[in-house]
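The data below hold one chain only, encoded as structure tokens and taken in the form predicted alone.
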């Protein structure tokens, strides 16, 4: 009994520590600037105000509505496309016997060890040469190819039952048919998990959209939020209100897909 009580107390303490920053963010978004910067700590915003959320969408200098739409477009395109590309590549590396696939796999693993800052400039040069600066597709394109997701799908398809694949062969299916009609329908958990992780990663991206999206019409929500914090002015309540709005899609995504994320990573074999 005491052990269970200690366990619940520990979990409650850890939960409080993890949730405290989110509570402070929500509390500050309902305060005025004077309340936020006051040295007297207030657990509750008394009185609270919703003006920060109103100004967030009425301030013409910060296109928050357009930034949210851009982030939603980029994330909803990147997530399914990158997941399907990773699934196809992972299946090919795991199930198709071709010379050199071990070298290709080793090369993909090696790319994970290269810091993103190393490939940042070459990627920008390529996107600029293709006319992708200040375009939404220029922000989307580099995120479509995810080496980590390819390796996860490869690990998953290595465990795919060979009996199912052989049954498909007997029915006259080729590699594409086996993948599309047998492997893909049996990997919905992995697809949901990778899709959710890709959506979250795309939504939170900052540096690449900042460099490519120089025009306000292409700003993402993370870029729009950065305008609340400059060297000349600091709009803390507006920044916290924007942060609250920006995390809502991620909270919904996580609540819907958390079971698939855990199952997908477990089924990929990373826990072994």
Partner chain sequence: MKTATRPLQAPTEAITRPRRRTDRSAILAFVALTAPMVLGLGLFKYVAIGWSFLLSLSEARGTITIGSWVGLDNYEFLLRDPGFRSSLVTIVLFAVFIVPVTFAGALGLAILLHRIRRGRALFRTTFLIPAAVSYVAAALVWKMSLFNGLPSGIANTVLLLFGQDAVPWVATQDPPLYWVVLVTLRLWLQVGFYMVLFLAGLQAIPPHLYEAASLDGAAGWAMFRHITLPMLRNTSVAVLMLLLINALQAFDEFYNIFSSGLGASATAPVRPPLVYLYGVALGDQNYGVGSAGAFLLTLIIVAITLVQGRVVGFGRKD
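Definition used throughout: the rigid core is the maximal C-alpha set that superposes within 1.5 Å between two forms. The shown structure was predicted, so the numbers you read here are calculated from the model rather than taken from an experiment. Residue numbers count along the first chain shown, from 1.
What comes next is about the form predicted together with its partner chain, which is not displayed.
- Query: its partner chain isn't shown here, but in the predicted bound form which of 217, 58, 33, 204 has a heavy atom within 4.5 Å of it?
  - Reply: Going through each option in turn, the one that passes is 204.
- Query: Using heavy atoms and a 4.5 Å limit, would one call residue 67 a contact residue for its partner chain in the predicted bound form?
  - Reply: It does not: once its partner chain is placed as it appears in the predicted bound form, residue 67 has no heavy atom within 4.5 Å of it.
- Message: Quick check on residue 191: any heavy atom within 4.5 Å of its partner chain in the predicted bound form?
- Response: Close contact is absent here: in the predicted bound form, residue 191 is far from its partner chain, nothing within 4.5 Å, heavy atoms only.
- Message: Is it the case that residue 225, even though its partner is missing from this view, gets within 4.5 Å of its partner chain in the predicted bound form, heavy atoms only?
- Response: Yes, residue 225 is a contact residue.
- Please run the contact check for residue 150 against its partner chain in the predicted bound form: heavy atoms, 4.5 angstroms, yes or no? Residue-level check for residue 150: yes, a contact with its partner chain.
- Answer yes if the Cα of residue 165 shifts by 2 angstroms or more between the shown form and the other one on a rigid-core superposition, and no otherwise. Residue 165 C-alpha, core-superposed: shift of 2 Å or more.
- Message: For residue 105, does the CA position differ by 2 Å or more between the shown form and the other one when the superposition is done on the rigid core?
- Response: It does, since the residue 105 C-alpha is displaced 2 Å or more between the shown form and the other one after the core fit.
- Core aligned, does the CA of residue 179 move at least 2 Å between the shown form and the other one? Comparing forms between the shown form and the other one, the residue 179 CA shifts at least 2 Å.
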